[in-house]
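Shown next are two forms of a single protein chain, provided one at a time as structure tokens under the names structure 1 and structure 2.
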Structure 1
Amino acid sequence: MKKFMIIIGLLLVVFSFASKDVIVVGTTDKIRTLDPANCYDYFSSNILQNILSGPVDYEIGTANIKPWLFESWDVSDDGLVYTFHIRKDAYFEDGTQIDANVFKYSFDRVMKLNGDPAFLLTDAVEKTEVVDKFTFRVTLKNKYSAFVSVLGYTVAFPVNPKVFPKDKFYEGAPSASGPYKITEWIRDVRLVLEENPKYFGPKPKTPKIIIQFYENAQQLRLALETGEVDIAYRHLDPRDILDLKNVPGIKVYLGPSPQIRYLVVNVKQKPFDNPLVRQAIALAVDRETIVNDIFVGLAKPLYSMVPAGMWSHEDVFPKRDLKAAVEILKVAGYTKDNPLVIDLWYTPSHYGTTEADVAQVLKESLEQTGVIKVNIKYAEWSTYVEYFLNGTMGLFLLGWYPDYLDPDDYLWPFLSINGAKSLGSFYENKNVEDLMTAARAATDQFSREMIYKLVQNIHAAEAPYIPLWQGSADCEAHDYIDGIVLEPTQIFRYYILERK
């Protein structure tokens, strides 16, 4: 049945190709959920950014916050109380108006259900209040200088109370409040977005976007070259990206990105509960081979969780040193005669088909110590998420796209107690959390930067995460497509795409 649906979908794609009103996008990524209360992966969040409206948005192509559903806001002198004024012309696709009651329902629901991204609100928000129909008030637990930036992430996007139940997650298509609404969704096969007539903002440049899902990068490249899709977005193989630069009629877009990749270490699971083991692994990983051989220069080695180019970044992790790794392992009680045997997990499709190669390079680099033996294991994304949330995996690959552009977003989600639980490291350090809370309260960048550099150094010593590389942004499209913008926020806006 699924194969039949795929064939029908491809026929529809080919038929639609003749229309300027339709653009077809191909991807190997997957949608996990479209409930903002439980959505915490890049691709699902990006779909939400095209079908829902948020409290604030970013000016296209920049990291500059602008008012959106919240027209303006006031902050109390002590920095704890935010009073937001809501625009009066915003509606969901069924005609339900977005007002203060909707915002309170949505924020309270996120915090009650306590899904993957909930800590972004629960760690910050003390209470929410409806002041009047179009005035919404949020009281914070502590001063938080980046709070408005958090509101640009989908966890803060309002949902329709008539569609999203208060006491459980919703697995269907959201009621749209943004440029597009979903008119068809066959999971892992096809998603159809069509213009939302109830949207208060500018009309999409293209009335209909069809997103086709492919099993692997080879299929996606073929679909692009044969004209089955107009755009390929996530994930072509790095060598294919370079090859396509020389294909007539195809344009390759490349840009810097704050996306990072790293190893997560479950500090509650043996033998990873020993910080010496974590430090030895950090010393043995071979970043250079990964970025040069697998990503052919389209990535850079990373030595901190805060990406290069962002203020407060500091290279705090050591360069590769096998001799030092062996010495640390010896202190921890491991030798060639008593090797450290570990499992390394990866997910085969969510991050593209290069992931298996990355896992193999990591295995080889760790085993070059002569003391570590690595068993490679894998699981598909939905199972993988379940495994790291319940603590099944001890060492595994994960990636990060920014929720909001601030160093706080590269430290708090990883090193706070609630954030670490949501990422599977289960790291706990009250002193670190207190430092990060102080950084949130600081109003000048210099003070925050000094704190964040200290936190980065503590993180490198304790190593609950091991940064590996920083990626680049890419998109490949036929040259008749316009409107592709690789933004610093990593928001991919389907609604500004158009055929020339």
Structure 2
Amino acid sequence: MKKFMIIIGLLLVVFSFASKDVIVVGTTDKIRTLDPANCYDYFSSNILQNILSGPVDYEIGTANIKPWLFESWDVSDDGLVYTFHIRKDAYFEDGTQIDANVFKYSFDRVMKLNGDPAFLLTDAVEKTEVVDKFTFRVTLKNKYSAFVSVLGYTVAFPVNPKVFPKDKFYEGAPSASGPYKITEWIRDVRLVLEENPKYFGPKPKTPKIIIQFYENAQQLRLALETGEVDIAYRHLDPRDILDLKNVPGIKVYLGPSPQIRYLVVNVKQKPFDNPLVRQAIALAVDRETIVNDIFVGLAKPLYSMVPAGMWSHEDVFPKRDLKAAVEILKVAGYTKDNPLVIDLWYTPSHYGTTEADVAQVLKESLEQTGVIKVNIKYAEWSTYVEYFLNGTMGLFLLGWYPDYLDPDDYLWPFLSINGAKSLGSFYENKNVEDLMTAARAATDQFSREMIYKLVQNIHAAEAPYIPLWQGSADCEAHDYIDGIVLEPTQIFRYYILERK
């Protein structure tokens, strides 16, 4: 019996030491692909950000870009030619050095394969050149002041030419150049990350991270509470997050998120072709009830398409004012006897389980004018996208997650003629288009900021989109976990996590 107890004791000691080196992260997200040339979803990008090194990175906890694989760069006077100087101590896990040839291979491959995120490069890049072993040059088609921000997205991360084929997407686990390498990957079940000894940067604080995939939020919450996972990252339901705040031993982290939600108004469709109708809807929507009742305070009301906290943001949309909304509707010809009857569309699963409630609150808030009657309609995501591209829907809910952190990514895709078509508002304004092109060509932030503020004001007056709320990032973890930083860039860095 004594011997048995000693063995058990020893096993427990060994286990407690071993478990210090492992952190388990649970998520309901899925990995679609780990090929940067085709990766265009949040969680896949997030894994790539932890196993690959990018040309540039962000300072931890901020949205400030810092050089990473590119030590420095020069921009030609005309703003079209970028010459990048590559660091000399970066390698992939198999020992292949990252040089200008690797960058050229990777950029050209992205543009040739034309995967989902390729347009971020193809729209901007005219050609790529190897100047010498550690100097890489990119010539742009047009001046594009946000180009360096684009390099922070995984589409621009170099891949190992010995592993990634030139002419097709790669379906396996990439050869690592970042803090971790993948040692086990069972799709939709789990992914094991272990320290990459070839990485030039600082050692990860925890050598092994296991990412466990769950089908739904309830299972993830239970896994966290039972200790099956140490951290739950994406996505618990808002009410569960609130509950967990009161669970001893569990800590809830909330941080800024660049994700925005808004109503799209199809300006080509009646009655939404009348700017007065759009303005009245913008005045009547009740953002406060949505963020307080549905998101239990885990979101913030939003009054511009540029999220709060980002440079150039200005609260350009008015606060809720039912009286003003009724007055405007009266001018537009709508009264209690002749109400404005509209359809409001939402999609039930793409944005989580709260979407139907959001639609209901919006309906009620608009109907409180006494002049608007709202019919709620819904369609599954793939049908929904088809409908908004075809212009079937007049007023519908949509969300945006940025590709790169720059106001350009919150204005250009919505207000440029092409962008407005692909997002269902069909808005066209030559003046706005010229202003945004000028902002892309401007090299100093001050000029860009002035232009973007002007664009936001025009947008508020015309209201082809009505911003509703800005999400917040959240993470729930046991209190023995340190190093959770919810960054404005949304990069979740596994290599700074540690057990106390």
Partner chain sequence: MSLKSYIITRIILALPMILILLVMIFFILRIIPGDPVLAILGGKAPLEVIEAKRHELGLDKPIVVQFFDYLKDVAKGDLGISTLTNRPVWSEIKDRFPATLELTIFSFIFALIIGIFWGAEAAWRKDKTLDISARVYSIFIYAVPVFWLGLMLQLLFGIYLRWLPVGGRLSPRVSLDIKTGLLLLDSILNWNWEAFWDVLKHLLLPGITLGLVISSIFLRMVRNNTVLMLSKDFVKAAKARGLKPKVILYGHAVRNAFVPIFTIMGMQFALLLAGAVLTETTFSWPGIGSYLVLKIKYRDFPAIQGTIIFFAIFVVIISIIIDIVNALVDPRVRY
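Since the structure is predicted, the reported quantities are computational estimates derived from the model, not experimental observations. Please note that residue numbering is based on structure 1, beginning with 1 at the start of its sequence. So that the term is clear: the rigid core is the largest set of C-alpha atoms that superpose within 1.5 Å between two forms.
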With both forms of the chain shown on their own, indicate which is the form predicted on its own. 1
Measure the rotation of the smaller rigid part relative to the larger between structures 1 and 2 and give it in whole degrees. 28
Once the core is aligned, what is the C-alpha displacement of A460 between structures 1 and 2? Give it in Å to one decimal. 7.4
